[in-house]
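Just the one chain here, laid out as structure tokens, in the form predicted on its own.
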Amino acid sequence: MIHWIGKALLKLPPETAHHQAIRLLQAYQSILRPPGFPAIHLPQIPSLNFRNRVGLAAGFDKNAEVVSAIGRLGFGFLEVGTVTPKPQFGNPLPRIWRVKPDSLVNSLGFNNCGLEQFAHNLVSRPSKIPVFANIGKGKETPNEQALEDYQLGLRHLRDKADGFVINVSSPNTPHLRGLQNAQFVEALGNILPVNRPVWLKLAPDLSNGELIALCEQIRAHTRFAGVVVTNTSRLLAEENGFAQGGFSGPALFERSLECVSVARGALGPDKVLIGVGGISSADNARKMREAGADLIEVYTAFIYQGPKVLKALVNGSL
């Protein structure tokens, strides 16, 4: 039945399909039963128990509305958001496009319900898997004041999320990617909580040199748990003829894989590396693990293949 629901959703406009998927998961989250997987324990963060190494990336459950359902589908952990201090509509419609083969371009722009409602949703929909809140800055917030937005998010959600991902790499908020610099990362590190793991999410369009420099900085900072690589690609979106948005899908995999390998070399063994970008098969998952990813995340393959992709990814990432 889930297979047929997925096929039906793909016949709808992309953002309509997304909203319908969220509504369906809201309806079913009390009755879904998760499949059994062996627990995964990471020595770097012993306080968390992962059902497996495969998580759902940020962007699907933007408002933390279906955390229970996603856990019951079989994911090992979940990233919710991106959330900003105040509610945002995001960029004008249309802002999601399907691209062949099995890819997406999105220019959503951090559409979300804001911290107050987001926090309420997290508390009222408990999950049995780790849930990480992805935090961004508001669209109207200048980069000079961005640190305050991140601090608000960390403070407001510190007892409600199991960890945090700091998003400085989305191509859909003006000037956001300009925060991928040593000065901002140093300032950010000084405000991070000491009782929750925090990852920095980086873009695939950084040069390898830029990626190495940032990862070496993360390695030296005790409050960062590690990095998430990568986000969507603005360069690939341009190559596919889109004047806006970020590309996700199979064509991103090779660059994401390279970023994971480069990041692992710069991070050393003591930080947790989450690999994401174009993962759509057991072979992709295995290569990500071999390149150095401790955990992996999926988004676009879940949109196109549905929950059935999970078993292959879990088996490939063991």
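Residue positions are given as counts along the sequence shown, with the first one as 1. Quick caveat, the model's predicted, so the values are computed rather than measured.
Keep in mind that the form predicted in complex with a small molecule is missing from the display, and what follows is about it.
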(request) Could you tell me which of 271 to 279, 46 to 54, 287 to 295, 63 to 71 sits within 4.5 Å of the small molecule in the model of the complex, going by non-hydrogen atoms? (result) 271 to 279
(request) Indicate whether the candidate residues Gly81, Leu252 and Tyr299 are all in contact with the small molecule in the model of the complex, with contact defined as any heavy atom within 4.5 Å. (result) yes
(request) Mark Phe110 yes when one of its heavy atoms lies within 4.5 Å of a heavy atom of the small molecule in the model of the complex, and no otherwise. (result) yes
(message) My question is simply whether Val260 lines the interface with the small molecule in the model of the complex - judged by any non-hydrogen atom within 4.5 Å.
(response) no
(request) Report whether the minimum heavy atom distance between Lys137 and the small molecule in the model of the complex is within 4.5 Å. (result) no
(message) I'd like to know if Leu236 sits close to the small molecule in the model of the complex, meaning any non-hydrogen atom pair within 4.5 angstroms.
(response) no
